[in-house]
Each structure stands twice: as structure tokens, then as C-alpha cells.
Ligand code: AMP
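Below sits a lone chain in C-alpha cells, taken as the form predicted alone.
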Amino acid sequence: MDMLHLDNPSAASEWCVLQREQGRSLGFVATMGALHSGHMSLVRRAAAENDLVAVSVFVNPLQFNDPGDLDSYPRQLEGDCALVAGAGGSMLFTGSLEEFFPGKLAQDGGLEASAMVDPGSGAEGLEGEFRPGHFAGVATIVKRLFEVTQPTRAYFGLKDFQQCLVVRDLAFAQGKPEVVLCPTVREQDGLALSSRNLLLSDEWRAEAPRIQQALRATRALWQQGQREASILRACLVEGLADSALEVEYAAVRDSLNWTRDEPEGSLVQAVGLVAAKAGEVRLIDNLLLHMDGGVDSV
């Protein structure tokens, strides 16, 4: 079956309603386009676990606190459509902010404050501090995407750990859909796949894997039996100390009990998280220290 490409959320919603009425299960993958093999791994898993797969491509202005970052975000819709079709996607849809939120835009073209969604406690600290308003934008568009598609299951990659917390809690509060969290897909040298990697110069591309190297060194310390939060964090910081990257944070958190500030004492489960700038390109990554391999929940 050829993949269907729809250019507005209303048409996508009608298609999804029809599939549900016919008793088909629907997997959903939300993206901002510039797709890579990480996105395709989500589409393929959704195709394996559901009758049909819907994919959204929408560069969401609500989650960009830097207008320059929004303007420079790569866009390649034609190529995205080909990739999704090849990975087993059934329908891909796009739309504008006005089409997603009809009648709710303010005079400046943004969304009215009353329409924004509280992202919850998972948005506190780290990314929430460095990107104010980002997670409110994420929660708002994801809630709308869930309304449009009403999927059986929704698939998200773990590369943005806090986003996974926000999405998981949003779905839990609504009672649906089932959120499936999937391992981060990486380049051979460990760099997490990201649409922003396309913007890296050769010099910064060579430096970027230092993030994952530092995270893996911290996991190795965990595997040796270390559980003290402050010592694990010190290991992560030290792993980036002589890097040319501009580190915004290198932190450890309890992966089950998220807190704005660093936890203290011994941890039972943990995640290491890093955000750093490689020149003008901001990169994020994380690693569950207590696990090695696939994960469906955090």
C-alpha cells in the first residue's frame, strides 16, 4: 500500500478516525522532519507492533526559545516522505500552527497563553532551565497531535530524556495512548543521531562524540559498583573537562524520581545527562547508567 501524504491536521484526523472505525491499531511517531535512521527505527517498530503507522512532520515554533534555531532547523519534506514510506509508514501529515490551533493564535502569530499546556515536573531543571518555555511548547503540540491521531501507541526516542518524561506524564494524565520509549540510535562513534548533526562542521563533528564517551565512562563507574550521586557526576564532568565543547550541564539524576536539583546520596537507578555546544550547534545526550540495551519505560 502506498503511503498517504496529507497536508493538514483535519484531513489526518479524518483518516485516523476511519482506521479506528475499521478496528485497526495505529502507531504514531511525532517528528520535526529532517528525518534520519533514528526516526526510522521508531517508524519500523511502530509498523511491527501496529496495523498502521501515522507520522507527523511539523517544525513546532512553540518549542524554540531561540528564533535563530527555528530558522536554521533543517527542512527536507520530500526526502522525509520517501524515508517514512520505505520504513513502513502508512500516512504522513504536516500542517501550520494555525491549522493545528484554529482560532487560538494571538495577534503576534503565536499561540494564546491560555492554550499552552503545563509540562509538569519532568520539565524542571536542566533543559527546562536552559530552554525556558521549551517543554510547554512540547507538551502543547504533543497533546494536540494525540488529539488529531488518537493512536493506540506513540513512539519516542530516549535521546531527549526530559521530553520523554513530559510526554509519558501527559499520556498518563489523559489515560492514553500507550507511550513506548525506544533506545537512542547512534553513529558508529557513539554520537546520538540528530537532525542538528547536519549543521556540524568537520571539526566539531570530530569533537562531538566526547559527550557519549564521558557518559559511557560514568556508566562504567556505575557498573563497578559506584552509586554515590556526587561521585558519578564528578566522573561525568571530568570526562568533558578537556573538551573543546562548551558544556552547559553534565548532570546525574534519579531516573525514576526526577528532581530539579542534583540528588544526594546513593542511587538505585540513575541517568547521566549532558548538553553542550559544538560551535553554534547545541547537542544533548543521556545514558541510563543502570541499564544496557533496549528500554520501554523510565
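Everything quoted here is computed from the prediction, not taken from an experiment. Just count from 1 along the sequence shown to find any residue number.
The protein also exists as the form predicted in complex with ligand AMP; that form is not presented, and the subsequent description refers to it.
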Ligand AMP in the predicted complex: contacted by all of 120, 257 and 260, heavy atom 4.5 Å = no
note = Assert contact residue (ligand AMP, in the predicted complex, non-hydrogen atom within 4.5 Å, options 30, 62, 267, 271) equals 30
query = Pick from 73, 204, 222, 101: which has a non-hydrogen atom within 4.5 Å of ligand AMP in the predicted complex?
reply = 73
message = Using a 4.5 Å heavy atom cut-off, which of 120-128, 150-158, 170-178, 103-111 contacts ligand AMP in the predicted complex?
response = 150-158
inquiry  = Within 4.5 Å, heavy atoms only: does residue 41 come near ligand AMP in the predicted complex?
reply    = yes
inquiry  = If we define contact as a non-hydrogen atom of the residue within 4.5 angstroms of the partner, is residue 163 a contact of ligand AMP in the predicted complex?
reply    = yes
inquiry  = Check residue 83 for me: does it contact ligand AMP in the predicted complex (non-hydrogen atoms, 4.5 angstroms)?
reply    = no
message = At 4.5 Å between heavy atoms, is residue 136 in contact with ligand AMP in the predicted complex?
response = no
